[in-house]
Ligand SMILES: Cc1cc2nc3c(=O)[nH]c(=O)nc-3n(C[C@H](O)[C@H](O)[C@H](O)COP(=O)(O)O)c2cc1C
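Given as C-alpha cells, the chain that follows is alone and in the form predicted alone.
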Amino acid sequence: MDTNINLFTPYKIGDLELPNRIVMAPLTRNRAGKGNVPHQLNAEYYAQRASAGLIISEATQISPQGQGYPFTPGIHSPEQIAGWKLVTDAVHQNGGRIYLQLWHVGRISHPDLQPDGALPVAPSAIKPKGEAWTYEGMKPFVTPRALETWEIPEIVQQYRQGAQNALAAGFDGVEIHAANGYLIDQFLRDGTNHRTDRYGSSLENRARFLLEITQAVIGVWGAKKVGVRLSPSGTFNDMSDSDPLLTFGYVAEALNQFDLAYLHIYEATEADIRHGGTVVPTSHLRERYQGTLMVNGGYTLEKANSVLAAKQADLVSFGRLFIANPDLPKRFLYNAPLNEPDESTFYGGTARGYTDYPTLELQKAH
C-alpha cells in the first residue's frame, strides 16, 4: 500500500503527461450530426471535461458497416475527420488530452443501419438475444452473416485507416474497443466464435483478430499511444465464454508483447453477475499484464484512491460521474457534492443533459 499515490498523482503514458489519474471513460451519447459527423455541440461537451487526466472519446465506427446505433460518430469520411478536429482543437485549447475509441459493432446492428440493407457481420452466424435500436425504433436482432476468412484482413485494414484518420483529426492516441460484446469481443469468446479457420477454435486463433488489429494500429501510432479495452466479465449484448479466466488471462499476457499505452478493464457489473457471468477479478489480469492498467466500473473517489494506493491499478476511468460533472476532478479535489446524472438524457437529444450540467462556480453563484 502506497498512500502517497492517489487520483491526483501525475502519471505518464509515453510522452503524454497526465496531470491526474482521473480518466473520462468512453460514453456513447448518440449526438452526432448528419452523416455521423461530430459538430460544435460535441466539441463543447468534450472541452468542458478537459480537466480529466485523459479523455477517451465515445465509441466511433471505423466503417459504415461498423455502425450499430443511430447518431453515433464515425472516423471514415473526410467530414467526420473535420468534425473530430473541432473536438480535439477544443479539448487542447482547454489544456486537455484525448484518445479516440475505434469501434466495429459486428452483429450488434441491423440491416436498417447497414449499407444497402445488408446483414450485420460477425465471426459466426449466431443471432444475439434482444433488440437493435434503429432510426425507426427498436427491432429484433437478426442472424448475422459469418465473415469469410479473406474479409477479415480487410477489416483489420479499416482499423488501420481509422487510426490514420484519428491521427489526421488531431487526437493524442487511440483506444481499440475490444469489449462489451462488439466485433472484437465476439471473436475472443467461444460463445460467439464457432469458426474452424485460423480465427477460431483455439484460444490462440480467437485472439488473432485483436492482435492483428493492435499490430496494425501500432503501425500508425506507435505502441505508447494505443490502448485496448476489454470486458472479461461482461454479459452485455448476449456474451458468454466457457472459461473467461483462461481466455482473458491469455489475452492479457499476449498484449504484453506490444508495450501499450494501457490496458483498460471494464469490471463486472451487478447485471453481469445477475446474468450468470463469471467474474474475472482484475487481480487475475494484474498478475499477467505487465503494463499500465486502467479500471472502470462504478468507482467512487474513495474506492478509486484505495485501488491506486494498493497498486491494483494505475488509472481509473469514470463514466456516469463525468456525464453529470464536467468538472469532476475539481469536485474530487474539494470533496464537493456531485450532480446527479439524468438518465433520460443519456442517449440522443439536444444540449439538455449534455452540456448544461453546472460546474462548481455556477452552483455557488446560484
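Numbers for residues come from their place in the sequence shown, where the first is 1. Source: prediction; values computed, not measured.
There is another form of the same protein, the form predicted together with the ligand; it is not shown, and what comes next is about it.
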Could you work out which of H104, H110, R229, K225 is the residue within 4.5 angstroms of the ligand in the model of the complex, going by heavy atoms?
R229
Can you pick out, from L315, A59, A47, L54, the residue that has a heavy atom within 4.5 Å of the ligand in the model of the complex?
A59
With the partner left out of view, is Y11 within 4.5 angstroms of the ligand in the model of the complex by any non-hydrogen atom?
no
Verify the contact flag for A304: yes if a non-hydrogen atom of it lies within 4.5 Å of a non-hydrogen atom of the ligand in the model of the complex, no if not.
no
Against the ligand in the model of the complex, would L308 count as a contact residue? Criterion: heavy atoms within 4.5 Å.
no
May I ask you to check whether Q161 falls inside a 4.5 Å heavy atom distance of the ligand in the model of the complex?
no
Even though the ligand is not shown here, does it sit in the model of the complex so that V37, S63 and P115 each have a heavy atom within 4.5 Å?
no
Have a look at 210-218, 144-152, 173-181, 118-126 and name the one stretch with heavy atoms inside 4.5 Å of the ligand in the model of the complex.
173-181
Can you name the residues of 138-165 that have a non-hydrogen atom within 4.5 angstroms of the ligand in the model of the complex?
none
